[in-house]
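Before any questions on how it binds or moves, here is one chain, the form predicted on its own, in structure tokens.
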Amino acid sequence: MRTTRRFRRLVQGVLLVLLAAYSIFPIYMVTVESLKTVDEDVFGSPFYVRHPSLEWYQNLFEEHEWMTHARIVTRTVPFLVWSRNTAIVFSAALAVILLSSLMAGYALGRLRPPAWRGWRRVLLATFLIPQTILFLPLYKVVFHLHLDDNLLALVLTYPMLAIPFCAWLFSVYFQKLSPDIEESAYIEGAGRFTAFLRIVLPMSWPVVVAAGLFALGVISSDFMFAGVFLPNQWHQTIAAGMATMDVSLEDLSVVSGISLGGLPVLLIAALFAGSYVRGLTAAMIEGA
């Protein structure tokens, strides 16, 4: 019996290691490629690097004088500009997504308007619609609002992709969350908004983290909307800017840019991984 259990645990451990290696392999390859010199990229092994170099990372920040009509000196690879644009778009879009999803999820799960179950199913169904189908109508909306080549176009577009699932997640959590604590606050004279802000929201932070990480994954994986809505390189995000750069064996700046641009998302995901699991568990088990 013990031998069978040990063998089963061994098989489970091996499968988990294989799954982890399979998932991490693309990140490993991008990192290895970004650390290679030109010679090692051409003649070396594709799976490891003998002499790591930060040359391509330095190229992203290297100064090159460009004289424009206004005599402004700038960089050939505006990586810092792309990073600033990405931070602005991601921060604003995440704020819109979480605020809207919280309000929609609380209304569906707690206040329960007529046909609330149907509305929740519609939200989940809309999330499953492929983004490529949504591209043309969203482009027309952005064009008619005169937001093309404006960061606001992405700030308005990204929430449409993530809010359906996040609102559904919050509504499932709030649906059967015990109302006793809120009712105690009502007895003390607090209103619904005060009880939500001071009691419900603090105890729901793992679900907020789970929704935020999910939304971050959705918006950080996009380059199609960013590339089309922001044609000017000085208005682009990292994903859109990298897609416009040339890729060759003699220039691996794109690979280093992808690696550097994905690093903050990777760190945030690793930092909040535990909260992400607790949030999904709370929504799926405690709240459902």
Partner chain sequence: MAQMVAAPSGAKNGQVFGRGELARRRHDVVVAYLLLAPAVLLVLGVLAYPLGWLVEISLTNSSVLDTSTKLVWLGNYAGFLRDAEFWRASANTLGYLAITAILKMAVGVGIALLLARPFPGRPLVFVATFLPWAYPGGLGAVGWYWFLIPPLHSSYSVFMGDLHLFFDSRLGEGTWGFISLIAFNVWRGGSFVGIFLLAALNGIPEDLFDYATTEVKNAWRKFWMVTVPLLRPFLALATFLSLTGAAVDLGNVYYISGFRNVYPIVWTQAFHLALFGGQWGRAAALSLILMPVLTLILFICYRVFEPLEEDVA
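Computed from a prediction, not measured in an experiment: that's the story for all the values here. Just so we're on the same page, rigid core means the largest C-alpha set that superposes within 1.5 Å between forms. Numbering follows the first chain given and starts at 1.
Keep in mind that the form predicted together with its partner chain is missing from the display, and what follows is about it.
Among 172, 81, 151, 94, the residue placing a heavy atom within 4.5 Å of its partner chain in the model of the complex is 172. The partner is absent here, but in the model of the complex a heavy atom of 221, alone among 53, 233, 59, 221, sits within 4.5 Å of its partner chain. Contact check for residue 207: no non-hydrogen atom falls within 4.5 Å of its partner chain in the model of the complex.
Contact check for residue 143: every heavy atom lies farther than 4.5 Å from its partner chain in the model of the complex. Its partner chain is not drawn, but in the model of the complex it has no heavy atom within 4.5 Å of residue 35. In the model of the complex, at least one heavy atom of residue 136 sits within 4.5 Å of its partner chain.
Along 115 to 135, residues 116, 117, 119, 120, 121, 122, 123, 124, 125, 126, 127, 128, 129, 130, 132, 133, 134, 135 each place a heavy atom within 4.5 Å of its partner chain in the model of the complex. The rigid-core alignment places the CA of residue 13 2 Å or more apart between the shown form and the other one.
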